[in-house]
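Just the one chain here, the form predicted on its own, laid out as structure tokens.
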């Protein structure tokens, strides 16, 4: 039994000596445990360093601008905080969708399309929180028809979609700002559909309730 302890101690010391301690700063490259043939093409891949040269592009620059329409969530703040942040100049959440956005049937249909892709699995087709994920144990998804969410400023909904809240992950990397506003317009339509009365069914009232200009 004593020999077993000694062998175990020797193996531990050997492993630590070869691999080093986690977080230690090395002056030489660490030992390569796995040979190249075990992971061909993955261990030593070519790469371009920031502000380096590249013979592939005509201008010789390694740094490239993102293609048009690329969605980025790590860009600096824009000059229009209402459109891009859902906030007013004083820092409070904007009560409505930005006036520069035309809210019409096409815009709400765009919101429905994005809603069905990103929101429906958790929040349900009617926005009542009875999505597919609830069947698998996620019971904390709120309903949009709760008074708190029906009276919540549009800008706060925009902020929640952008940065996430509680168990909800952010969607700024998946939805451009205009699409986030479109989703909010569709959510408001879902809320109106649940709270409306027969007296609301006329063209003027319908357009006003949906914010259609």
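Remember, predicted model here, so these are calculated numbers, not experimental data. Numbering follows the first chain given and starts at 1.
Note that the form predicted in complex with heme C isn't included here; everything after this is about it.
- Although the partner is absent here, residue 118 lies within 4.5 Å of heme C in the predicted complex, judged by heavy atoms.
- Shown alone here, residue 48 lies farther than 4.5 Å from heme C in the predicted complex, counting heavy atoms only.
- Heavy atoms of residue 165 reach within 4.5 Å of heme C in the predicted complex, making it an interface residue.
- Taking the partner from the other structure, heme C in the predicted complex has no heavy atom within 4.5 Å of any heavy atom of residue 176.
- With the partner omitted here, the residue from 140, 125, 88, 132 that has a non-hydrogen atom within 4.5 angstroms of heme C in the predicted complex is 140.
- Contact check at 4.5 Å (heavy atoms) against heme C in the predicted complex: none of 108, 181 and 190 pass.
- Shown here without heme C, the chain has 138, 140, 141, 142, 144, 148, 149, 152, 157 in 131-159 lying with a heavy atom within 4.5 Å of that partner in the predicted complex.
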